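The chain that follows stands alone, in the form predicted alone, written as structure tokens.
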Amino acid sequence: MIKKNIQRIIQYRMCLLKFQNLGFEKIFSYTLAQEIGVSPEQVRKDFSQFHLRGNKKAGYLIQDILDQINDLLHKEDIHKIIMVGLGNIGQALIKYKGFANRNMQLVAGFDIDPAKLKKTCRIPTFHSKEIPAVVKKENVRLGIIAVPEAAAQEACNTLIEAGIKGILNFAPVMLKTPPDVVVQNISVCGELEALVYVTEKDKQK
């Protein structure tokens, strides 16, 4: 799981862009705190941890903090991604236009089903056995897994052997990876179950 503090940095960036678009040039820690639901102390602690510098008493210069966060997140670089699994989730992600806005480029898709490889796609598609060659050729470090549960660990192993260091996993299974490979699990049902727990708990009060 990606650490919550870097997730908050990403949330701060979204808030800063929002206020910048509204015409603001400066922002205070308590304003950012209110926007994402943390304390002003947490904002300042996060900024200190990631060496985001500014005049907290007079207000942070929004563009200055954005520039620092962009450097931190390597926003000026193009980050190449491959997709393993060309089913419904995979096809939906291929059509997603938000990647380009974040300097992310989905360069190839993979599947073991020849029928899925024949479908018209916005990106080149290959059999999964071609993963190592494409990863090496395109110098890819990030991969998305969108395969059934039974095939997820094998897909993960293939990505790791090919040199992938970051995996976004949509399969409903906890993947086993070495310490130098980061996995972010996306579980729609899990998030909904958490919401059920919270809403039912509130209802009982």
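In case it trips you up, residue 1 is the first one in the sequence shown, and so on. Here the structure is a predicted model, which means the values were calculated and not measured. Just so we're on the same page, rigid core means the largest C-alpha set that superposes within 1.5 Å between forms.
Not on display, but discussed next: the form predicted together with another copy of the chain.
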property: The unique member of L73, V107, C121, V134 whose heavy atoms fall within 4.5 Å of another copy of the chain in the predicted bound form; result: L73
property: is_contact(G54, another copy of the chain) in the predicted bound form, heavy atom dist at most 4.5 Å; result: no
property: Contact of K129 with another copy of the chain in the predicted bound form (heavy atom, 4.5 Å); result: no
property: Contact flag, A92 vs another copy of the chain in the predicted bound form, heavy atom cut 4.5 Å; result: yes
property: In the predicted bound form, G98 touching another copy of the chain (heavy atom, 4.5 Å); result: yes
property: Heavy atom contacts to another copy of the chain in the predicted bound form at 4.5 Å, residues of 153-170 in sequence order; result: K165, G166, I167, L168, F170
property: Per-residue C-alpha change between this form and the one not shown, A152, threshold 2 Å, rigid core fit; result: no
property: Rigid core superposed: Q20 CA moves 2 Å or more between this form and the one not shown; result: yes
property: Threshold 2 Å Cα movement between this form and the one not shown for S39, core superposed; result: yes
